[in-house]
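Given as structure tokens, the chain that follows is alone and in the form predicted alone.
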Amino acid sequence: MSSTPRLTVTGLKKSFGSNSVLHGIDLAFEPGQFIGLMGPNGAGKSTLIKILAGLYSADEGTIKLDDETVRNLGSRRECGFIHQDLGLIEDMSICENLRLGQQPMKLVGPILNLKREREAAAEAIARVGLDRDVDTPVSALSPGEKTLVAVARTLDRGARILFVDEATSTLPAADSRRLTDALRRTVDDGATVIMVSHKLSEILDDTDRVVVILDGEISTDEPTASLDREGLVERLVAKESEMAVEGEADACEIGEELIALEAACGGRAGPVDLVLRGGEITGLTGLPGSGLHDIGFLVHGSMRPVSGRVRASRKIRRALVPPHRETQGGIPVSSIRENLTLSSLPRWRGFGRLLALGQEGRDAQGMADELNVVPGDAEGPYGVLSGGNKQKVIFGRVLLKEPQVYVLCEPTRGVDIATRMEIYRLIRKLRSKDVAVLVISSDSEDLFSVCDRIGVVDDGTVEELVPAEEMNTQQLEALV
């Protein structure tokens, strides 16, 4: 591979209408650095990445690759971008995904040298520590393995500067570790990796340098070795007037049974026996493919059991934060208000079933303000929000419905540290003898921050629920 080029960004600015997102970004990325890029949702991280990838055009500023001024890096072989949507084709094999768009290797004339293509693919995935038959369909891989395939494909095409945008946000701890180890080996080989992440431990344990963007400006650019957890949190919430503090949830009287799964089977879940009572926050975790999220769909009622049953009163309202906001969450072409109120329209219907639009708008704006959605105008478009702000809107939609049973799948996925603490506060605030909360998450911090009891889902079934105070993170991850 060629030596890694030096990337510099100078005076980069970007606005969307009256909303100024980047106010003049100056950064230099050196070869052989592992850089963590952090900041609150809406701070401008994703906008910066999209400008560099060529998805957006900057209003002002320059991008230089070594001494060459370029419009963007999207077409440069030296640069690669790995987003949450990995861009892999599930029905194709690892080898086919790696070779897609590449010059075919031929024996003679139009005849492909399939053996050589498989050998090249095997070499590519070996570089990132993935030991799999290259004829394996991508659909058969775990989320972490899919991410490694995306990294291998990018490196195989000559990339020496990698931008990794929240690729670990939904990965369990073991898969995240495999990915960051692979990225570290790439850096040790002289490449540059810029990783966007909200996971403090990931940034502190694996990177060499931390860059924090606040309100469209660089607020921190320091060696990681000079920071600890408290110092990094302080920089990330430097402009927050108040930050919610983690703590034990207040005790609450346990109410009556609100919903029960009895040998229920659906999707990859089952048979599942689970009882949710008012006043309790129950947490479930498990590996991808374990049926974890299907249990949430069964409880919510969006999936019907193929056998067994879900027992609940018809009068009980249920609401769901889905695990995958990109495909199961909001409506991009609608406003923030419309996305917030979509599930709760009956509460604003009056005479003749006409909507009380004024009250609906005020309630939606109040929720957007409470969750600190950025930009904060509830009439603004949902589709242009950052991933974390979309997550806030989906969470707000559930809160507005005021159900008796909350099913919260990956509730803090992709949100910044301050918003994470606020969501924990809101979940604890839901506690009452008339409300049951089911938190389903691959992030153990979610479970230990709010749950009364925690269970592990293995092969579709729920293991024994254990009081949260009788377990720690290491014990839970060992069970998973």
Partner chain sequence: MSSVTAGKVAASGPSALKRFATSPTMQGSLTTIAFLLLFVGYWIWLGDTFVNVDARLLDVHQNAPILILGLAVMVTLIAGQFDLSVGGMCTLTTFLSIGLVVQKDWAFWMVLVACVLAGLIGGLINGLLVVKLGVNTFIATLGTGGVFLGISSVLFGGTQLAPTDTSPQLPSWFSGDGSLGSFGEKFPSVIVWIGLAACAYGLFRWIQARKPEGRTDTSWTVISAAIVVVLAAILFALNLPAWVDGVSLTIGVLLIIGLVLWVVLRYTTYGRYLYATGANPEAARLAGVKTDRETILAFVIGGLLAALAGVILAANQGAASPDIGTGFLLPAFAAAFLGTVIMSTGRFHVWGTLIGGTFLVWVTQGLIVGGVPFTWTDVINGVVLVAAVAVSTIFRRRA
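Here the structure is a predicted model, which means the values were calculated and not measured. Numbering follows the first chain given and starts at 1.
What comes next is about the form predicted in complex with the partner chain, which is not displayed.
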message = If contact means a heavy atom within 4.5 Å, which one of 102 to 110, 349 to 357, 73 to 81, 282 to 290 is the stretch that engages the partner chain in the model of the complex?
response = 349 to 357
query = Is the partner chain close enough to Glu30, Asp206 and Gly387 in the model of the complex that each of the three has a heavy atom within 4.5 Å of it?
reply = no
ask   = in the model of the complex, does Asp59 have a heavy atom within 4.5 Å of the partner chain?
value = yes
message = At 4.5 Å between heavy atoms, is Thr327 in contact with the partner chain in the model of the complex?
response = yes
Partner proximity in the model of the complex: Leu236 to the partner chain, non-hydrogen atom cutoff 4.5 Å = no
ask   = Can Gly17 be called a contact residue for the partner chain in the model of the complex at 4.5 Å between heavy atoms?
value = yes
Contacting member of Ile89, Leu114, Val333, Ala174, with respect to the partner chain in the model of the complex [4.5 Å, heavy atom] = Val333
Listed residue (Leu141, Leu342, Ile218, Ala312) with a non-hydrogen atom within 4.5 angstroms of the partner chain in the model of the complex = Leu342
key: Those residues of 300 to 328 which, in the model of the complex, come within 4.5 Å of the partner chain by heavy atom   = His300, Ser302, Leu320, Pro322, Glu326, Thr327, Gln328
